[in-house]
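Quick heads-up: it's one chain on its own, the form predicted alone, in C-alpha cells.
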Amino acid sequence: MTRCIRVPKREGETARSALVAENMLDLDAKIRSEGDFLIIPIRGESFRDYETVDTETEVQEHHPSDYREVAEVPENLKGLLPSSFDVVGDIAMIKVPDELIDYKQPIGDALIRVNKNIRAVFHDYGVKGDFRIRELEKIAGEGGSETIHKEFGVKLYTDPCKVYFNPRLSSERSRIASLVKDGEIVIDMFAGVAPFGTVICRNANPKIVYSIDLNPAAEEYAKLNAEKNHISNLITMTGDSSKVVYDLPMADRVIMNLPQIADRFLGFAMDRMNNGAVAHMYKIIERAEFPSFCKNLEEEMKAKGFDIRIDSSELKTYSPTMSVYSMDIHKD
C-alpha cells in the first residue's frame, strides 16, 4: 500500500509542483486518475490539507531529468544547488556555490548521470581578463575542455579554457543570420571563435564576413570553424578592432558582442558603416538605467556626426536588477 493524497484535477499540477519542491513526491509510484480527482503518491504521512488515502499503485519507472534529484549532497544544502548551467558541445560548466564546494565532484557526477550527452563537467570560476576566458576546473568525467558545439547546421570547434564562447546566444546568432541580405559586408568586432560569422556564412549569402578578436587562439579556432564548415568568405583577424576596422571595406552590418563595454566602440563602428547599415550591439545594464542609456547614446553619436535609430529587446536576465539587451542600431 502507498500513502497518497486525493487532489482535485484542477489543482493537480500545483500540488505536484509543490511536492517536488519539498521533495515529498513519491517518484517510485504512478499518479492515477479517479473521477474528478488525482491520486498522487507522497513521501510522508500527509501533505497540507489534502485528504490522504492508502491504496495500491503501479510502479513508476523513474528516469530523473534534473541532476538535483540525484546529487549526493546533504539534504539541508540541496536548496543551494544551481538550477542552471552552460553546456558547450559535450561539456558542462557550472558555478558551484562556496557552501557546496566540498561536494563539487558529486555534483559533476550527477550532471553526467542525468545528461547522457555530457562527457565532462567543469566548475566555472567566471570569465576573466581581456580575452574573456573562463577559469575552469574539471570536477567529473573524462577528457579535456576542447569540444564541438552544434547549432543551426554548423559545427563550432572551441575550448572555453582558451577562448570566449557563449552557447546561450544561439537564437540570437540565427536571428542575425536571417537579417543578412545577399552580398552584404559584415564585420564582427569581438568575434571569439566566429560563431556569428560561421552561422551567417552557412545560413545566409554575405559577400564577406570579417571576424576580429584580440585573442590569437580565437583566430585559430575561427579558421578551423571556417575550414570544417566549408566556408570560403569568412576572414579571420587578430587585433584591436577599433584599429583593424580602418583597414577594412565599409560595412553593411557590424556585430558588437562585448556587452560590458561595446558602447565604447560604437563610434569606431559608425565610422566604417555605410548609410543604412546596422550595428548589432549587446549591453549588460541595470534595467532602470537602460532608457536613459539609449538616449545618451543617441546624443553621443549625434555629437560625432551620426544619426542613429535604436531598436532594442531584453535578451535575458543577468541579475535581479540587470539584464542583457540586444540593440539593433541603424545608421540613418
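Quantities reported herein were computed from a predicted structural model and do not represent experimental measurements. Numbering starts at 1 and runs along the sequence shown.
The same protein has a further form, the form predicted in complex with a small molecule, not shown here; the description that follows concerns it.
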I need to confirm a contact call. Of F37, Y67, F306, F265, which residue comes within 4.5 Å of the small molecule in the predicted bound form, counting heavy atoms only? F265
Using heavy atoms only and a 4.5 Å cut-off, determine which of Y103, Y157, F190, F85 is in contact with the small molecule in the predicted bound form. F190
If we define contact as a non-hydrogen atom of the residue within 4.5 angstroms of the partner, is F131 a contact of the small molecule in the predicted bound form? yes
is_contact(R173, the small molecule) in the predicted bound form, heavy atom dist at most 4.5 Å: yes
In the predicted bound form, P259 touching the small molecule (heavy atom, 4.5 Å): yes
T198 near the small molecule in the predicted bound form, any heavy atom under 4.5 Å? no
Quick one: which of 165 to 173, 77 to 85, 139 to 147, 227 to 235 gets within 4.5 Å of the small molecule in the predicted bound form, going by heavy atoms? 165 to 173
